[in-house]
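A single chain comes next, written as structure tokens; it is the form predicted on its own.
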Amino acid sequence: MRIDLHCHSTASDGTDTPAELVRNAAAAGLDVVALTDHDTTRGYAEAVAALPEGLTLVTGAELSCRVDGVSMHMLAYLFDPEEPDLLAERELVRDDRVPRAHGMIAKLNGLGVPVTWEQVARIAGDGSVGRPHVASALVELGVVPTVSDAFTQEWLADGGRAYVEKHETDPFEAIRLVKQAGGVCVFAHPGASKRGRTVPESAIAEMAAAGLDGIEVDHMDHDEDTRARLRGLAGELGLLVTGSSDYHGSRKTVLLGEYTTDPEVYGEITRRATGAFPVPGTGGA
């Protein structure tokens, strides 16, 4: 059983539509795929409508959080998407994305980069605009060779020359809201140091005490030493260990199913969730 619990579509910053994502997941030999767009559930209906037979969809979102000045992402699975408090918080985060993008564009213009809002908006399409869309604009302009190369101190990484903060949820509040909505919380790529500062293990321990369910260990941004350290930490704290591609379509080089989650861990996630249930495919459109 092959399970990928972290994927993005054009509802946020991926390049596959939700329908294309589930079809591509089936073609990649996955049995379970999670749709975890940034701070939005807008892709759910299209993904469910196109879900191929034999593929199960886990609905979720990747929530933008910040603790002690460090940005982090929280994967929320199988929560009630209409629960009002969590919905209001997601909307607050999303609403801050447009002014933030304008701020990054202004900083880049000040650095001599001729990026425009029109260019970034075209790249984002109907998705929630974010740093990867600005990064893609830098690739189009030939400023950097890849999207990943834009996430450095020279450009868009946390604290970088063109970085602009946005509203981000306190992770302890995120855990509370997701639990209230019947969902399960997993800290996404906690050891991705090349993205900027990482959350200290002491804070992860505090999150575990507050109800964090797991940490994403097998991820393209974690080397073998980091994975071993995180597995040990998860064992100490009683946290689930997941693995995921963090697939963004052509915006990243990672492939669907390149990293996967153990079926027993997936089973435990579904057992803990009460806000929603995995959706089995029946053929799709």
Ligand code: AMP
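Each residue number is its position in the shown sequence, starting from 1. None of these values were measured; they are calculated from a predicted model.
Not pictured, yet referred to below: the form predicted in complex with this ligand.
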Discussion item. For a quick test of understanding: in the model of the complex, does each of His73, Arg131 and Ser148 have a heavy atom within 4.5 Å of this ligand?
Written reply: yes
Worksheet entry | Segment assignment from 228-236, 27-35, 247-255, 41-49: heavy atom within 4.5 Å of this ligand in the model of the complex | 247-255
Worksheet, complete the sentence: As a check of understanding, the residue in Arg100, Arg176, Arg94, Lys107 with any heavy atom within 4.5 Å of this ligand in the model of the complex should be identified as Arg100
Worksheet item: So, in the model of the complex, is His167 in contact with this ligand at a 4.5 angstroms heavy atom limit?
Response: no
Worksheet item: So in the model of the complex, does any heavy atom of Asp13 sit within 4.5 Å of this ligand?
Response: yes
